[in-house]
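Structure 1 and structure 2 below are the same protein chain in two forms, each given by itself as structure tokens.
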Structure 1
């Protein structure tokens, strides 16, 4: 049997180049390697922690399904599904939550960042433990529980390999700890899942290369369905560094290095090779050439996505079929788990 590979993305808005290079492109490459049994899902339950509008959420679910397919995920090769349709997840999440100290959850970097979003960045920098706890108490419980649900996503399918970006590593470490705890108490049931990082696991923002490109800061995002005009404008105005040499040096030249890593990530070339390709060009010429490359790269993606979105019922059907297949496998694993725990 092939090892099981699983990952999800939250339907919280348009996918940016960081999501593509850190996650989606890797999903497609790993699927096509033929080495794994693949599960890819729309993490709609995780998206609920942001308290979205119902209409926005259901539109974003369909949109993300279109992104998955337009980028090359194939329902004939992978199970492509919607997280909320997998009912056994809820029971496993509950079991796992009983093995999780609250202190571990409120220590997670992603949780801390969400809590601190409620206050000004300058204030967040010098916050006291007491003040942090006070704000955290008012935060929705789903945000704290987020990593437990993520662990359940992985373990309900017996996931071994998890392609994610750099920011998810802590959640995976948490999952590995839970696996050890569970196996120790109830006997070997789960394998410790391993992260598979892409070549560009942490793409930086175009407007501030010291910060990660993130949906929560749209000003620094290049969206993968952006028009060629938007791509050109965004890359032209991307922050670059002093000097004029085109060099990969993330410390001294974070702006241009970030742009070079986009080309390396998309083309599969090494950073040295990409750097050499631009030698002798100035910033303006380099940016122009990068925006042409990105625009061409996503041209067939844009066409496929537009065509897919003309048939939302077709996209729903694909999710429904994938969810049915995945739910069956999850139900089987849940029986094994309940047996171990003494619930049967």
Structure 2
């Protein structure tokens, strides 16, 4: 049997280039490697921690399903499903939560960052434990228990390999800790999942290369379904640096380095190769070439996504079928778990 690989993406809006290189492109490559039994899901329960509008969330779920398929995920090769349709998840999350100290959850780096995101970085560094706890009191509990649900996502399917970014490594280690706790108390039930880290560039905002690319800064964000005109406009107006040399140097030339990172990420070439390819060009020529490359790269994706969104019922059907397939695996695993803890 092939090892089980599982990962998901939250339906919180349009995917940008950082999302694509950090997750979706990797999902497709892993699926097509033929090495794994793959489970990829729309993480709609996780998205609730952002308190989305109901209509927006419903629309984003379908939009993300279209992104999955247009990018190359194939329901004949992978289980593509909706997280909220897997009912055994909630029971396993509860069981795992009884093994989880509250103090461990509020020490998580991602939770701290969420709690302090409205505070200036300089102020956040100086904040006291008491002040942090006071601010955290106003935070929804879903943000704190996020790692428990993530652990349930993985363990209910017997996940062995998890494609994650560096920002999720702490959560994955938390899952591994829960596995050891559970197995020690109830007997061998789970295996410790391993991280699969993709070599992806840290893309920065086109309008401010000192800040990470984010959908909260749409002017500096390249969305993977952007039109060729939008791609050209955003790259043309991207912040560059003093001088005219096309060189990868994030410290001295963060603007042009960010653009070179985009091409390296999409092409699979090294930064040295990309840098040589633009040797002798000025900034204007380089930007024009990069916008053409990005537009052409996503040309097929845009056409497929447009066609898929014309048939939302078809997208819902794919999610329904994938969720049914995944639920059968999850239900079987839950029976084993409940038997181990004495609930059967």
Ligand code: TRP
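For the two forms, the rigid core is made up of the largest set of C-alpha atoms that agree within 1.5 Å on superposition. Note that the coordinates shown come from a computational prediction; the quantities given were computed from them, not determined experimentally. Positions refer to the first chain, counted from 1.
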Inset, instruction - Name the structure that matches the description of the form predicted alone. - result: 2
Inset, instruction - Determine, after fitting the two forms on their core, whether residue 215 shows a C-alpha shift of 2 Å or more between structure 1 and structure 2. - result: yes
Inset, instruction - Align both forms on the core first, then report whether residue 82 has a C-alpha shift of 2 Å or more between structure 1 and structure 2. - result: no
Inset, instruction - Could you check whether the CA atom of residue 225 moves 2 Å or more between structure 1 and structure 2, using the rigid core for the fit? - result: no
Legend entry - Displacement in Å of the C-alpha of residue 201 between structure 1 and structure 2, rigid core kept as reference: 5.5
Legend entry - Rigid-core-fitted C-alpha displacement of residue 249 between structure 1 and structure 2 (angstrom): 2.8
